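In structure tokens, one chain follows: the form predicted on its own.
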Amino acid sequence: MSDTPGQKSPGTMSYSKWKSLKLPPDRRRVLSGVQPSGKLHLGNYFGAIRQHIASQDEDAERFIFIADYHSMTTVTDGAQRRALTLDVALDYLALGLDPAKTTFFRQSDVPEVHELAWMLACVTNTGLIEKAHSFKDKIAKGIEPSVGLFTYPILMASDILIYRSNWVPVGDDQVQHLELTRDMAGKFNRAYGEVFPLPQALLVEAGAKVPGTDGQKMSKSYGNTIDIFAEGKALKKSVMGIVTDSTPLEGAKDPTTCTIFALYQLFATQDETDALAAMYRAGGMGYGTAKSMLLEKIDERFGPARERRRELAGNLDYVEGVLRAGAARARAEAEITMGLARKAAGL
């Protein structure tokens, strides 16, 4: 199966290029997943969630699933997983996800994904899976090297292929997952006939990086996050805990090396960003003032969503209904795919 002309590399295209394409409806199915392994934070919002919400009105069919099966590689408490899964659902809906425009569901409500994962495992060499960077990275962080963690890319490939997805938005560090998925789809197609379209990585321009409170990339793994829906004392503690250098209040400061400034400019207008940069360089302003300005911007951005989230948390029957309706649509597609795969494989 040939790829669309104009890609950066086989199976990869920039998001801006994709938006300009005039593709038929049957080639515009986009799939994304989010793992419920911890509270969603500003890195998640600016890295993916904001784009997920903003792109709902584009001419594409969108699937977003909460990857609760995947979370089993790191979360070992059932009650915690249920709570984190609910948190993700509440967060996305509060931030503006429209279930009428996006098929939104729990991964575990579509059990066919495991049947397909087995089929893919049977045409996939262990050498291919051993190439996965994610396994090595997680082991380096002290996560137990379980069989589930090792075969994680196969379940991920199943997530993508079972809905016959055409596009998967990813960052540069996630492109390998799509390469592995395309390899597995190709192996199955060569063995049993053309069943799966080869999905393509939709490279989302990262824009500004989202640093954590310690200046490293914001990540649950580093314990340096600012949660999207933190508020009051908890939010203030996170923001006031941002690490800074020892430049005294009266001294000029470099905004380009400051974590507070990097976060502030994600929320601020260009004029507001320029004004704060000038205050940094002029001296006479302490980092505490900049932290207070950042705190105000976070409250301003997420205040309305906090109210919506509280309303949703008081109507969990509605939230559950959204997830079940999304799962019904997703499972209908999964059953079509499995019918094709079973027939091709002689099952």
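This structure is a prediction, so every number in the text was calculated from the model and none was measured. From 1 onward, residues are counted along the sequence shown.
Form predicted together with tryptophan (TRP): not shown, discussed below.
Between tryptophan (TRP) and the residues 123, 170, 268, 262, the one pair within 4.5 Å by heavy atoms in the model of the complex involves 170.
Interface residue among 294, 60, 64, 67, judged by heavy atoms within 4.5 Å of tryptophan (TRP) in the model of the complex: 67.
Contact annotation for residue 104: none of its heavy atoms lies within 4.5 Å of tryptophan (TRP) in the model of the complex. Contact annotation for residue 156: at least one heavy atom lies within 4.5 Å of tryptophan (TRP) in the model of the complex. At least one heavy atom of residue 33 is located within 4.5 Å of tryptophan (TRP) in the model of the complex.
Among heavy atoms of residue 152, some come within 4.5 Å of tryptophan (TRP) in the model of the complex. The partner is not drawn, yet in the model of the complex one stretch among 77 to 85, 157 to 165, 125 to 133, 182 to 190 has residues with heavy atoms inside 4.5 Å of tryptophan (TRP): 157 to 165.
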